[in-house]
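First, one chain by itself in structure tokens, the form predicted alone.
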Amino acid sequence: MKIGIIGAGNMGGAIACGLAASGKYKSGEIVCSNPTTAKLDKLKQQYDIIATTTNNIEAVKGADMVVVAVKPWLAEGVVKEIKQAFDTPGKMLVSVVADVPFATLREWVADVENQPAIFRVIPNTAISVGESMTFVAEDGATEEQTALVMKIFSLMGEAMLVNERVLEVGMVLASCGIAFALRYVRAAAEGGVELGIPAAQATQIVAATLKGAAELLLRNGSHPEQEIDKVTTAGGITIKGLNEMEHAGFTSAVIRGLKASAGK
């Protein structure tokens, strides 16, 4: 199966690396295009099985799946440039471009005789290390095509099939959420430094702790409060810290930040 990826930026490059790192693809089955070569050279240095080109049409030639990972203002031109690559039954167009709905994507390929299955996919940057929380929505796809796309992105973390209307909220929780989680890591590490732990060690401790907390929820399927209760004893140091954070508006600040990112 050949996968053509248009764009070698943060997301396109991350997808290419994630696919290559999965060990499921042979040399030349992943092709990535970009207008300039610097980012392409970096990809080749990381994974030599990734084929690279500065020609978008060459990248998608014979591809079963085309992933468009460019800036929103470039998306229309790119899709229209490569749309003839879809004029064979069974092709799939995967857009990771934010804020471009199915209706618009369909308009851009409206004159293609054999309409492709279209997927909107919202990963986050952790896809480059196989730990993305990815949301997938489909339009005009068969069950087999949907299962295939879900399988591909599940190789690079968690994948969840959702309706298109859920994508925006998913992006706030998971894509913006990477930044929100890392801001907590930074804050907690700075607190560790103030308490006397060297900065690098403090960051390592907080990051590992956050990873462990996430695994407790994912493996146990438990509610966060259940896990909090396990480390919160009456009169103990944990409840004192939690209460102080809540006095400072911790939960309210998180919810307000999420709503601000969602434009609500």
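Since the structure is predicted, the reported quantities are computational estimates derived from the model, not experimental observations. Throughout, we count residues from 1 along the sequence that is shown.
Missing here is the form predicted together with a small molecule; even so, the following discussion is about that form.
J.: How about V70 - does it come within 4.5 Å of the small molecule in the predicted complex, if we only consider non-hydrogen atoms?
T.: It does: once the small molecule is placed as it appears in the predicted complex, V70 has a heavy atom within 4.5 Å of it.
J.: Can M11 be called a contact residue for the small molecule in the predicted complex at 4.5 Å between heavy atoms?
T.: Yes, M11 lies within 4.5 Å of the small molecule in the predicted complex.
J.: Using 4.5 Å between non-hydrogen atoms, is I118 touching the small molecule in the predicted complex?
T.: I118: no, not in contact with the small molecule in the predicted complex.
J.: Whether S128 contacts the small molecule in the predicted complex should be assessed with a 4.5 Å heavy atom distance threshold; does it?
T.: Close contact is absent here: in the predicted complex, S128 is far from the small molecule, nothing within 4.5 Å, heavy atoms only.
J.: Here the chain is shown alone; which of V136, V109, I152, V78 has a heavy atom within 4.5 Å of the small molecule in the predicted complex?
T.: Residue within 4.5 Å of the partner: V78.
J.: Only one of L74, M160, V185, A141 comes within 4.5 Å of the small molecule in the predicted complex by heavy atoms, so just point that one out.
T.: Exactly one residue meets the criterion: L74.
J.: If we take heavy atoms and a 4.5 Å cut-off, which stretch out of 235-243, 43-51, 26-34, 210-218 is in contact with the small molecule in the predicted complex?
T.: Only one stretch passes the 4.5 Å heavy-atom test: 26-34.
J.: Among G4, M92 and Q145, does every residue place a heavy atom within 4.5 Å of the small molecule in the predicted complex?
T.: Checked in the predicted complex: no contact with the small molecule for any of the three.
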